[in-house]
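Below sits a lone chain in structure tokens, taken as the form predicted alone.
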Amino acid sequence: MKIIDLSSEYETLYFQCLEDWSEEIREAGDHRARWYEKYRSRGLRAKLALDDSGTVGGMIQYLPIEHAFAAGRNLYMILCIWVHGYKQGRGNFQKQGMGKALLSAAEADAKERGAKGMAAWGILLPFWMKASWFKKQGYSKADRDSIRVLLWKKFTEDATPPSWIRRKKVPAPCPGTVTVTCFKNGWCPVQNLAFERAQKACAELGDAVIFREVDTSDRETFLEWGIADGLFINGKEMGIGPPPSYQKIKKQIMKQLKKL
């Protein structure tokens, strides 16, 4: 196994979360590529894990917490760590130690860059970015918001724990319309996929449907709302993880149209 920094050779694969075989990932558009161009000047870091044959099987991305969706000082924050686990495409690389190797390399890199600790987010449910996995790697809970847990590991004794930046408000609908508001940061293809599907559905349903994009890659915009990614139909949130199908989004919009 070999851990390397992201290079131009692998950028397209990284933008696709190692799922270059997936039609859904291609449907998510180029939002992640544009986010990457914006954020790498803000300290974004990414590493890849290669197996003995040189095939990329895992990745991690992290950045100074001041540019992430949590509050803190002198910390880096992991946006995601992913080891490819599908049979399709490159195959299953999980249970081979790639995740631990990527995490260890990212922590060492953050220390070299003067960080006093590393933060990460995890889900209480056992399906992706599991909070329990980070706890096994020495992380402890710093904050919690519903099923999202903010974890951290301090490198120095004077490090201070991070906290969630919580939602401040939700978008209000425009009277006489169905208002679809999509918050998009760009860092995650799954969230970008929901954005693309919502935008497509709105375009097909006529002038009574208004589509509004809120670009939360702008820090001040994110802090105004406290929402990094999200989909709201007439002010009611629709879950986007995993991303809802185009048909499901369109059905929900049409249901609101019938109420006008």
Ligand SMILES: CC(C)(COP(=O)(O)OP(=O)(O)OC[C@H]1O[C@@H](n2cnc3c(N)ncnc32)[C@H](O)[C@@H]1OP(=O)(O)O)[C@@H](O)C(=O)NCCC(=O)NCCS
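Remember, predicted model here, so these are calculated numbers, not experimental data. Each residue number is its position in the shown sequence, starting from 1.
The form predicted together with the ligand exists for this protein as well; it is not shown, and the discussion that follows is about that form.
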Segment assignment from 154-162, 173-181, 121-129, 108-116: heavy atom within 4.5 Å of the ligand in the predicted bound form: 121-129
The ligand contact in the predicted bound form: Leu150, any heavy atom under 4.5 Å: no
Interface membership of Ala71, the ligand in the predicted bound form, 4.5 Å heavy atom rule: no
Contact test in the predicted bound form: Gly89 vs the ligand, heavy atoms, 4.5 Å: no
Partner contact for Arg166 in the predicted bound form: the ligand, 4.5 angstroms, heavy atom: no
Site test, Cys202, Gly206 and Asn234 vs the ligand in the predicted bound form, non-hydrogen atom cutoff 4.5 Å: no
Residues in 44-83 close to the ligand in the predicted bound form, defined by a heavy atom within 4.5 Å, in order: Cys80, Ile81, Trp82, Val83
